[in-house]
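Just the one chain here, laid out as structure tokens, in the form predicted alone.
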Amino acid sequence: MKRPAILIVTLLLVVVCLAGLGAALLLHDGLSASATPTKLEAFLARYARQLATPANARSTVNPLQPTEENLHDARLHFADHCAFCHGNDGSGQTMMGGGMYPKPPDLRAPETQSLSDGELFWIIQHGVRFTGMPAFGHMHSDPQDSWKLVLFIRHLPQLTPRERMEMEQYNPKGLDDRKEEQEENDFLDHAAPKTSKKP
């Protein structure tokens, strides 16, 4: 066999091996969304996100200060729009988050807290492809909403029980939740139980 032919065969073998490794990584545990990404997958995903974030976005500084008003606005916004997947405490331990692949990150963890303000803002505005993180830039008519969320993400490690309780009032509720809440309020108000009249 001539040298060019050996190189081509060797290159083809390397490509086939890499494709097999990639398929094994992708298909570990089948295509189940309940699987946990491998450490290699997590590393590659973080690296790809870093490469995809424009350099000028990484260096952008938050124009807002963590005032009580800004943190309050962000806390309520997070409770209504973000906590469904991320949880009020930012842990990602929610029914929705548990069913995603990859799972929502713990926003209190060093991997998230070490991101620059500009990176967090960019992720909120543009989302993260191939994950459950949508782009909210088109929903936030004022970019300050996203900057306030960055302030709140920074505050999550110090979130107080009182703040969490306040957030629970702003979490989206389904019909069953609203009915249960109304029954509790009726009970607490000593209201007589409602009886349905039969025709």
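Numbering starts at 1 and runs along the sequence shown. Only a predicted model underlies this, so the values are computations on that prediction, with no experimental measurement involved.
This next part talks about the form predicted in complex with heme C, which is not shown.
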### Task
Have a look at 60, 144, 53, 131 for me and say which one sits with a heavy atom within 4.5 Å of heme C in the predicted bound form.
131
### Query
Applying a 4.5 Å heavy atom distance criterion, does residue 91 contact heme C in the predicted bound form?
no
### Distance check, residue 170 to heme C in the predicted bound form, heavy atom within 4.5 Å
no
### residue 85, heavy atom within 4.5 angstroms of heme C in the predicted bound form
yes
### Residue contact check: residue 118 to heme C in the predicted bound form, 4.5 Å heavy atom
no
### Task
Note that heme C is not shown here; using its position in the predicted bound form, name the residues of 91 to 106 with a heavy atom within 4.5 Å of it, in sequence order.
100, 102, 103, 104, 105
